[in-house]
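This document starts with one chain, in the form predicted alone, laid out as structure tokens.
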């Protein structure tokens, strides 16, 4: 196995340097390179490939040649090549915006956009998916536990910090820019991110057109001779510094009652000292001032990075432990390789570090409690209690006292005080499973807790404040229950801040083989049996049955089969009888006596590819061959994807 990163500097005069990487190019590169997983991170100045292969690479030069041929980018210098640990660490740093030269916000946005493109092209798999998911989790950890992301290291970021100190909020401010500069688009986009919506520009019309192509907000043309009386931030580039006169400043300060004015010049403005002395509420900066502040902030970030660096080193070690182990498709005890499950894993990573309320929806047996436990384990509450409550398993008359406790004498038999589950889960997580079964009067109490954080034991007039994260789950459609007045709408919207919709097993059948193998190992060890794999017929039955009981039913079926097995293979007749329906057959090739073996093979492969919409991964699973073998055969047949 090999993990490699290759970074290229793009030529500035390359017509393609500003072009986006396309899905079709990614697919073509993936299909012809014999590399299992590919992620391309592209900015205007450089492009970086993160590559994972089950086998050693032929040569980096060969990959570079294929890359240039397919993508058509003009490379400016020799590539920077990183292998194994160094490449993984670089991925984590880039994904978290903690590299020395990174602007955190912009890089993370770019990283996420490029990764979503790779997912659309299906060039990333469990290895890169795991790194991305762990990066999201680490980003939240860095954000919650350090001040790293609050330290700006770009001119625009530092300028926005200065503006915030002067104005508190940037919403509603007016910005006027004189003349074209390489920094204009960066400043405008950063100010827009902080809430500024009104931008004016004085200068060449072609420069304005180009500027509007590079920025998020629309910049409006203005007369070159004056700036708006409403102006709060003034950016003056070199070619216009001569026309900015004392009279213009005097008019603006008089009309806005000496309200603060922030001025940025590329170089020092002529007469700045006299203007500063006359107008006390004008704040003057030039690029040298910003450069000094950026330098100070970079030093501060280096100190903060010393706290983050051990986390990255630990993630690299964990990654290789995971990669070389048997848990390639496992995420916090949840198993899945399908795109939908990878999305669920990513969502868990995103929300675990925050205390946001989550609703997990899915059929019985899809693993809702496993998801809730994963969120808890990845959160800052992981050392505190996790308590699961099945709202449908406790009688209505006992449920309130179980959840909120009671005081002595609250009812017949209440001879002692009882604290209740919410109190016992203080500083931890409570998982309310099957919350759709909750009686209406208790729905009101749960709603009050979510709003106020207070509980009231049965029989008590006093409220108790507790710090508990609530994760709810239901195998019923709560929205439909709301429409039928069977569930409170206000509670539903309080719970449904984040929805994790778990797919049934019949909609992620590519996960069945790895789930079945996992359960096979589990029960072979438990029953001390020397059984290692499923026969092809047994596996076909597992993959064609619809599993109404989902993962739980699959586990029971494998347990049943292992208990009955007599040899080293699970046979189809050792599976529960309910699974032994006539299997749905894949498209079979019509045999012709005149066809050669090669023709039969070619036709069969092409029919499987057509049946799977040319999804190489699914086709390889059905054909029982590796991606490299499939690619070699298609090359031998001189067949290209339509």
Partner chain sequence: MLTLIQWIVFLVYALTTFFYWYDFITEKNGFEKKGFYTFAIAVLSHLGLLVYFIYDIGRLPIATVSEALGTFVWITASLYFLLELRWKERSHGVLILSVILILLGNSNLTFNISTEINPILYDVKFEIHVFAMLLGYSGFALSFIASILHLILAREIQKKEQGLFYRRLPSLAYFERISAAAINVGLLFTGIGFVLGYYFAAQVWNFKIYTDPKIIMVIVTWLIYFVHFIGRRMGKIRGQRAALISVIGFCLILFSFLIISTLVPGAHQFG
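We call the rigid core the largest set of C-alpha positions that still match within 1.5 Å between the two forms. Residue numbers count along the first chain shown, from 1. What you see is a predicted model, and the numbers here were worked out from it, not measured in a lab.
Separately, the form predicted in complex with its partner chain exists; it is not shown, and the next lines address it.
Just one listed stretch, out of 566-574, 110-118, 350-358, 164-172, contacts its partner chain in the predicted bound form at the 4.5 Å heavy atom level, and that stretch is 164-172. Residue contact with its partner chain in the predicted bound form: residue 480 places no heavy atom within 4.5 Å of it. Although the partner is absent from this view, residue 289 contacts its partner chain in the predicted bound form, with a non-hydrogen atom inside 4.5 angstroms. Of the heavy atoms in residue 250, none are within 4.5 Å of its partner chain in the predicted bound form. Its partner chain is not drawn, but in the predicted bound form it has a heavy atom within 4.5 Å of residue 281. With the partner omitted here, the residue from 85, 489, 440, 258 that has a non-hydrogen atom within 4.5 angstroms of its partner chain in the predicted bound form is 258. For the options 532, 192, 122, 296, the residue carrying a heavy atom within 4.5 angstroms of its partner chain in the predicted bound form is 296. A movement of the C-alpha atom of residue 423 falling short of 2 angstroms is seen between the shown form and the other one when the two forms are aligned on their rigid core. Relative to the superposed core, residue 256 undergoes a C-alpha shift of no less than 2 Å between the shown form and the other one. After superposition on the rigid core, the Cα atom of residue 284 is displaced by 2 Å or more between the shown form and the other one.
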